[in-house]
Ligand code: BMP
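Next up: a single chain in structure tokens, the form predicted on its own.
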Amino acid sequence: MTPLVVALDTNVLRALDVAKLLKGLTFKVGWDLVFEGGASIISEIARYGNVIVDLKLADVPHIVERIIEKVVSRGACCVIVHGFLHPSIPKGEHVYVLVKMTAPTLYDEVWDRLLEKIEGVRGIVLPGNQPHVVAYARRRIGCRYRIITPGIGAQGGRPGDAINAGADFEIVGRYVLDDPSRAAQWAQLKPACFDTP
């Protein structure tokens, strides 16, 4: 599978057009699209490829678990939750944990400690515009978890750098939305450990 996740951070009509055009890839759906299209947009996008729902959930465990169940029932493979919820992060094959963001945050002070504590989830989210962080994390966790990486293109990350540093998938929004033919740049890249998102 192509190690690209297309972030559909756009309006509903454009998101559907891009998903149809790039059918077979993986797509990321966030709050913006869900607010505009409703939860049913998850099912609509899932007709064209795997869907990661990026709600960056941050609530008590039973609420987060209920939301995950609802999102997965609509066809998503997985959901992104905030790492600062530790030790209350729900476990499971549908959970990606945000460990460090692409912009400066308090995660910068705790992300390496979070790496040691995350367990029983599908994978982690690290900044693709910081390949040295990805490389460090891959050395620390080996191939126990998937690593997906936003921050490619408009946020400064170069296509392929995070993959070459040890990521499994790069999450790309504006760079591909502006020109969907750019998705071909990932065709020859290989995920570090997992070939499914």
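Residue indices: 1-based, along the sequence shown. In this text the structure is predicted, and so the values were computed from the model without any measurement.
Same protein, other form: the form predicted in complex with the named molecule, not shown, and the subject of what follows.
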Partner-contacting position among C77, I118, M101, V110 - heavy atom within 4.5 Å of the named molecule in the predicted bound form: M101
The named molecule isn't shown here, but in the predicted bound form which of V53, V172, A167, I45 has a heavy atom within 4.5 Å of it? V172
Among 58 to 66, 37 to 45, 144 to 152, 159 to 167, the stretch whose residues bring a heavy atom within 4.5 Å of the named molecule in the predicted bound form is 144 to 152
Residue-level question: is A7 within 4.5 Å of the named molecule in the predicted bound form, judged on heavy atoms? yes
